[in-house]
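Take a look at this single chain, the form predicted alone, given in C-alpha coordinates.
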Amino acid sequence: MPDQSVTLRYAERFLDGFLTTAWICGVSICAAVALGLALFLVRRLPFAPARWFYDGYVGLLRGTPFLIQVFLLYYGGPGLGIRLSATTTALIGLSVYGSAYFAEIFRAGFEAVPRGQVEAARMLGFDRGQILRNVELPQMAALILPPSVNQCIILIKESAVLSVITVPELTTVATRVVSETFNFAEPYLLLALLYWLLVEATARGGRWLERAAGRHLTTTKGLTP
(Lines give C-alpha, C1' and ligand atoms only; values in the text may rest on other atoms or scores of the structure.)
Protein backbone atom coordinates (compact mmCIF):
# COMPACT_ATOMS: atom_id res chain seq x y z
CA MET A 1 0.00 0.00 0.00
CA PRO A 2 1.64 3.26 -1.07
CA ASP A 3 2.49 5.77 1.63
CA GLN A 4 0.06 8.56 0.77
CA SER A 5 1.85 11.02 3.04
CA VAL A 6 5.04 11.15 0.96
CA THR A 7 3.88 14.15 -1.08
CA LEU A 8 3.11 16.19 2.03
CA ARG A 9 6.21 15.12 3.97
CA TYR A 10 8.59 15.94 1.12
CA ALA A 11 6.69 18.85 -0.41
CA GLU A 12 9.38 21.37 0.58
CA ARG A 13 12.12 19.29 -1.05
CA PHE A 14 10.11 18.95 -4.26
CA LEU A 15 9.44 22.68 -4.28
CA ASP A 16 13.17 23.40 -3.91
CA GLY A 17 13.91 20.93 -6.72
CA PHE A 18 11.25 22.51 -8.92
CA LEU A 19 12.67 26.00 -8.39
CA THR A 20 16.22 24.74 -9.01
CA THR A 21 15.16 23.07 -12.27
CA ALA A 22 13.25 26.19 -13.33
CA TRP A 23 16.10 28.67 -12.78
CA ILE A 24 18.81 26.41 -14.23
CA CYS A 25 16.69 25.84 -17.35
CA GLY A 26 15.76 29.52 -17.62
CA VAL A 27 19.36 30.77 -17.40
CA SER A 28 20.68 28.00 -19.66
CA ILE A 29 18.05 28.62 -22.34
CA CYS A 30 18.79 32.37 -22.42
CA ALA A 31 22.52 31.64 -22.67
CA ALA A 32 21.95 28.99 -25.35
CA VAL A 33 19.88 31.41 -27.47
CA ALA A 34 22.54 34.14 -27.21
CA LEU A 35 25.39 31.71 -27.94
CA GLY A 36 23.44 30.13 -30.80
CA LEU A 37 22.87 33.54 -32.43
CA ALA A 38 26.56 34.41 -32.00
CA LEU A 39 27.54 31.10 -33.59
CA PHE A 40 25.29 31.71 -36.57
CA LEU A 41 26.73 35.21 -37.04
CA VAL A 42 30.20 33.65 -37.02
CA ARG A 43 29.03 31.32 -39.79
CA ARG A 44 27.97 34.32 -41.88
CA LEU A 45 31.51 35.72 -41.89
CA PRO A 46 33.06 35.55 -45.37
CA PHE A 47 35.90 33.29 -44.21
CA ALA A 48 36.08 29.54 -44.75
CA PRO A 49 37.60 28.84 -41.26
CA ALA A 50 34.51 30.45 -39.66
CA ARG A 51 32.25 28.00 -41.50
CA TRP A 52 34.56 25.08 -40.63
CA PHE A 53 34.43 26.06 -36.94
CA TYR A 54 30.63 26.34 -37.05
CA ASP A 55 30.17 23.00 -38.80
CA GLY A 56 32.56 21.25 -36.39
CA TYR A 57 30.97 22.78 -33.27
CA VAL A 58 27.39 22.01 -34.30
CA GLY A 59 28.24 18.56 -35.65
CA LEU A 60 30.12 17.51 -32.49
CA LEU A 61 27.47 18.71 -30.02
CA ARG A 62 24.53 17.33 -31.99
CA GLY A 63 26.33 14.06 -32.65
CA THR A 64 27.06 13.12 -29.03
CA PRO A 65 24.57 12.40 -26.22
CA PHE A 66 24.05 15.12 -23.62
CA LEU A 67 24.74 12.57 -20.87
CA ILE A 68 28.25 11.94 -22.27
CA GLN A 69 28.93 15.68 -22.55
CA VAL A 70 27.97 16.16 -18.89
CA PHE A 71 30.17 13.24 -17.81
CA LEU A 72 33.14 14.65 -19.76
CA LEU A 73 32.67 18.15 -18.32
CA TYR A 74 32.14 17.11 -14.68
CA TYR A 75 34.20 13.93 -14.27
CA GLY A 76 36.70 14.39 -17.12
CA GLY A 77 37.34 18.09 -16.47
CA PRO A 78 39.61 17.63 -13.41
CA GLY A 79 41.96 15.48 -15.53
CA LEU A 80 42.37 18.52 -17.81
CA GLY A 81 42.73 20.98 -14.95
CA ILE A 82 39.07 22.12 -15.10
CA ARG A 83 37.19 21.80 -11.81
CA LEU A 84 33.57 22.92 -11.81
CA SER A 85 30.77 22.62 -9.26
CA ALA A 86 27.77 20.51 -10.20
CA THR A 87 25.57 23.57 -10.71
CA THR A 88 28.17 25.37 -12.84
CA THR A 89 28.58 22.21 -14.92
CA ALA A 90 24.80 22.08 -15.38
CA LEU A 91 24.61 25.69 -16.57
CA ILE A 92 27.55 25.38 -18.97
CA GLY A 93 26.52 21.94 -20.21
CA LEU A 94 22.91 22.83 -21.00
CA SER A 95 23.87 26.19 -22.54
CA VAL A 96 26.55 24.77 -24.85
CA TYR A 97 24.43 21.76 -25.82
CA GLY A 98 21.40 23.93 -26.59
CA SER A 99 23.42 26.53 -28.51
CA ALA A 100 24.17 24.06 -31.32
CA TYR A 101 20.46 23.49 -31.91
CA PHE A 102 19.52 27.16 -31.60
CA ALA A 103 22.28 28.06 -34.10
CA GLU A 104 20.70 25.71 -36.63
CA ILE A 105 17.25 27.18 -35.91
CA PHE A 106 18.63 30.67 -36.58
CA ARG A 107 20.28 29.46 -39.80
CA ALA A 108 17.00 27.96 -41.06
CA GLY A 109 15.09 31.12 -40.07
CA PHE A 110 17.46 33.47 -41.85
CA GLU A 111 17.53 31.32 -44.98
CA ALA A 112 13.70 31.43 -45.07
CA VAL A 113 13.68 35.26 -45.34
CA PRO A 114 12.93 36.13 -49.01
CA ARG A 115 16.17 37.18 -50.73
CA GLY A 116 14.23 39.82 -52.67
CA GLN A 117 13.65 41.79 -49.48
CA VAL A 118 17.35 41.71 -48.62
CA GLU A 119 18.30 42.83 -52.13
CA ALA A 120 15.70 45.62 -52.00
CA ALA A 121 17.12 46.88 -48.69
CA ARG A 122 20.64 46.78 -50.16
CA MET A 123 19.50 48.82 -53.17
CA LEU A 124 17.97 51.39 -50.80
CA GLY A 125 21.39 51.89 -49.25
CA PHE A 126 21.08 49.77 -46.09
CA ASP A 127 24.41 48.48 -44.81
CA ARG A 128 24.93 44.90 -43.56
CA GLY A 129 24.06 45.73 -39.94
CA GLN A 130 20.90 47.66 -40.90
CA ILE A 131 19.71 44.81 -43.11
CA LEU A 132 20.23 42.39 -40.21
CA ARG A 133 18.40 44.57 -37.66
CA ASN A 134 15.61 46.00 -39.81
CA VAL A 135 14.88 43.27 -42.35
CA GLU A 136 16.21 39.83 -41.42
CA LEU A 137 15.73 39.71 -37.63
CA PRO A 138 12.06 40.87 -37.63
CA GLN A 139 11.20 38.56 -40.53
CA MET A 140 12.78 35.46 -39.08
CA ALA A 141 11.61 36.05 -35.48
CA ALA A 142 8.12 34.69 -36.19
CA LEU A 143 9.51 31.82 -38.27
CA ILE A 144 11.82 30.49 -35.56
CA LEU A 145 9.42 30.75 -32.62
CA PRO A 146 7.77 27.28 -32.97
CA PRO A 147 11.07 25.34 -33.30
CA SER A 148 12.63 27.47 -30.55
CA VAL A 149 9.81 26.63 -28.13
CA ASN A 150 10.20 22.95 -28.99
CA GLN A 151 13.93 23.21 -28.30
CA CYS A 152 13.25 24.88 -24.93
CA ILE A 153 10.95 21.99 -24.00
CA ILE A 154 13.62 19.46 -25.03
CA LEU A 155 16.21 21.23 -22.84
CA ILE A 156 13.82 21.23 -19.86
CA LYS A 157 13.36 17.47 -20.18
CA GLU A 158 17.08 16.91 -20.80
CA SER A 159 17.76 18.66 -17.47
CA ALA A 160 16.73 15.41 -15.75
CA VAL A 161 20.14 14.05 -16.85
CA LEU A 162 21.77 16.49 -14.41
CA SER A 163 20.79 14.18 -11.55
CA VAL A 164 23.80 11.99 -12.48
CA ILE A 165 26.14 14.74 -11.20
CA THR A 166 23.99 15.36 -8.08
CA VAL A 167 22.58 18.75 -9.10
CA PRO A 168 19.71 19.23 -6.59
CA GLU A 169 17.03 19.44 -9.29
CA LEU A 170 13.70 17.61 -9.51
CA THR A 171 14.91 14.15 -10.55
CA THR A 172 17.61 14.13 -7.87
CA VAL A 173 15.01 15.02 -5.23
CA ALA A 174 12.62 12.28 -6.41
CA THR A 175 15.38 9.66 -6.50
CA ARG A 176 16.47 10.51 -2.95
CA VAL A 177 12.89 10.39 -1.68
CA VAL A 178 12.43 6.97 -3.27
CA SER A 179 15.64 5.68 -1.64
CA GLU A 180 14.40 6.87 1.77
CA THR A 181 10.79 5.70 1.56
CA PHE A 182 10.96 2.76 -0.92
CA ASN A 183 7.80 4.27 -2.37
CA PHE A 184 8.30 4.45 -6.14
CA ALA A 185 4.85 5.36 -7.42
CA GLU A 186 4.05 8.58 -5.59
CA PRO A 187 7.40 10.41 -5.92
CA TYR A 188 7.74 9.59 -9.61
CA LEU A 189 4.11 10.54 -10.32
CA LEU A 190 4.71 13.86 -8.58
CA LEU A 191 7.97 14.24 -10.54
CA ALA A 192 6.14 13.70 -13.84
CA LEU A 193 3.43 16.18 -12.83
CA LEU A 194 5.97 18.89 -11.98
CA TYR A 195 7.85 18.45 -15.27
CA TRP A 196 4.54 18.59 -17.12
CA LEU A 197 3.66 21.86 -15.36
CA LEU A 198 7.01 23.37 -16.35
CA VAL A 199 6.70 22.22 -19.96
CA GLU A 200 3.06 23.33 -20.23
CA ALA A 201 3.92 26.81 -18.92
CA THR A 202 6.72 27.05 -21.51
CA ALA A 203 4.42 25.88 -24.33
CA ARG A 204 1.69 28.37 -23.38
CA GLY A 205 4.24 31.18 -23.20
CA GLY A 206 5.50 30.18 -26.65
CA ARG A 207 1.97 30.22 -28.13
CA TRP A 208 1.40 33.69 -26.68
CA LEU A 209 4.62 34.93 -28.28
CA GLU A 210 3.64 33.36 -31.63
CA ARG A 211 0.29 35.19 -31.58
CA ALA A 212 2.01 38.46 -30.64
CA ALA A 213 4.58 38.04 -33.43
CA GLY A 214 1.80 37.21 -35.91
CA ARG A 215 -0.10 40.38 -35.00
CA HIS A 216 3.11 42.43 -35.38
CA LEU A 217 3.79 41.01 -38.85
CA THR A 218 0.18 41.66 -39.89
CA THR A 219 0.30 45.28 -38.80
CA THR A 220 3.69 45.92 -40.43
CA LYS A 221 3.11 43.90 -43.61
CA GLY A 222 2.46 46.99 -45.65
CA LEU A 223 5.74 48.55 -44.59
CA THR A 224 7.98 45.74 -45.81
CA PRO A 225 9.79 46.31 -49.12
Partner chain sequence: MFDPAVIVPYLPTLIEGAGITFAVSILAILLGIPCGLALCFLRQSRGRAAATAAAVYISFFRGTPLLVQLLVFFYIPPAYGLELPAYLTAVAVLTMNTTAFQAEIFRGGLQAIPRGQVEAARMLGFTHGQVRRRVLVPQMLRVTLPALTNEAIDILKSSSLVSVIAVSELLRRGRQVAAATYHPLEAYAATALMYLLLVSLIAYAGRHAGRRLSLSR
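Because the structure is predicted, anything quoted here is derived from the model rather than measured. Residue numbers count along the first chain shown, from 1.
Same protein, other form: the form predicted together with the partner chain, not shown, and the subject of what follows.
At a distance of at most 4.5 angstroms from the partner chain in the predicted bound form, none of the three residues 26, 41 and 166 contributes a non-hydrogen atom.
When the partner chain is considered in the predicted bound form, only one residue from 37, 31, 160, 50 comes within 4.5 Å through any heavy atom, namely 160.
Interface residue remark: residue 76 is counted as part of the site for the partner chain in the predicted bound form, having a heavy atom within 4.5 Å. Proximity of residue 97 to the partner chain in the predicted bound form falls within the 4.5 Å heavy atom cutoff. Taking the partner from elsewhere, residue 181 is found to have every heavy atom lying beyond 4.5 Å of the partner chain in the predicted bound form. In the predicted bound form, the partner chain lies within 4.5 Å of some heavy atom of residue 72. Along 183 to 200, residues 184, 185, 188, 189, 191, 192, 195, 196, 199, 200 each place a heavy atom within 4.5 Å of the partner chain in the predicted bound form.
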